[in-house]
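The chain below stands alone and is given as structure tokens, in the form predicted on its own.
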């Protein structure tokens, strides 16, 4: 066990039972021309965390512990994309439409791949998820159980949507979660700030947060 300086109080990290979970660092959300930008968002806040996510990922890889990447994605025939999601809002491109990086949020399309800086290694787990939370419609829980995981160190985008959904799902399933503050981002900075506050409120009701520097120092010691 190692004590990580975190909010709202120190997090007791057990590397033997912990996994790094990286949420949706895919081109469709992070790069210009993807789904995120088609919704009218500026992608720079998401791009800005890539170097930090990479530093944490590289440090975690040295521990040889489990790494899980997720991608929000759908089957080419959209049979796993409910109409309520497909028709939501008024984007310039909808899920399944052809964009600059292929069909939006469709598995195996160029835009649905993890950004090159964070390319998963061959032995790392990649979860394609049809929803916002990483547990819905996936084998994530079973994979974590098989690896005797009880703690999740979480990074990725967007803080208030897919990241928060996953944190809350994980909390309900009995996992302790540590969110890396400067390795998560939102298109709306105020939404990120609000999510961090909600996660740690009432004595870590959803989980803990810490900085990447603190985490890297802890796992490298």
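Fair warning: this is a prediction, and the values are worked out from it, not measured in the lab. Residue numbers count along the first chain shown, from 1.
What comes next is about the form predicted in complex with a small molecule, which does not appear here.
**Q** Quick one: is residue 184 in contact with the small molecule in the model of the complex, heavy atoms, 4.5 Å cut-off?
**A** It does not: once the small molecule is placed as it appears in the model of the complex, residue 184 has no heavy atom within 4.5 Å of it.
**Q** Although the partner isn't part of this model, could you tell me whether residue 132 comes within 4.5 Å of the small molecule in the model of the complex, counting any heavy atom of the residue?
**A** Taking the distances in the model of the complex, the answer for residue 132 is yes, it comes within 4.5 Å of the small molecule.
**Q** Is residue 60 one of the residues lying within 4.5 Å of the small molecule in the model of the complex, judged by heavy atom distances?
**A** Residue 60: no contact with the small molecule in the model of the complex.
**Q** According to a 4.5 angstroms non-hydrogen atom cut-off, is residue 50 in contact with the small molecule in the model of the complex?
**A** No - in the model of the complex, heavy atoms of residue 50 and the small molecule never come within 4.5 Å of each other.
**Q** Could you check which residue among 180, 170, 162, 68 gets a heavy atom within 4.5 Å of the small molecule in the model of the complex?
**A** Partner contact (heavy atom, 4.5 Å) among the options: 162.
**Q** Is every one of 11, 209 and 218 in contact with the small molecule in the model of the complex, taking contact as a heavy atom within 4.5 Å?
**A** Negative, none of the three is within 4.5 Å.
**Q** Want to guess which of 192 to 200, 60 to 68, 171 to 179, 35 to 43 is within 4.5 Å of the small molecule in the model of the complex, heavy atoms only?
**A** Only one stretch qualifies here: 35 to 43.
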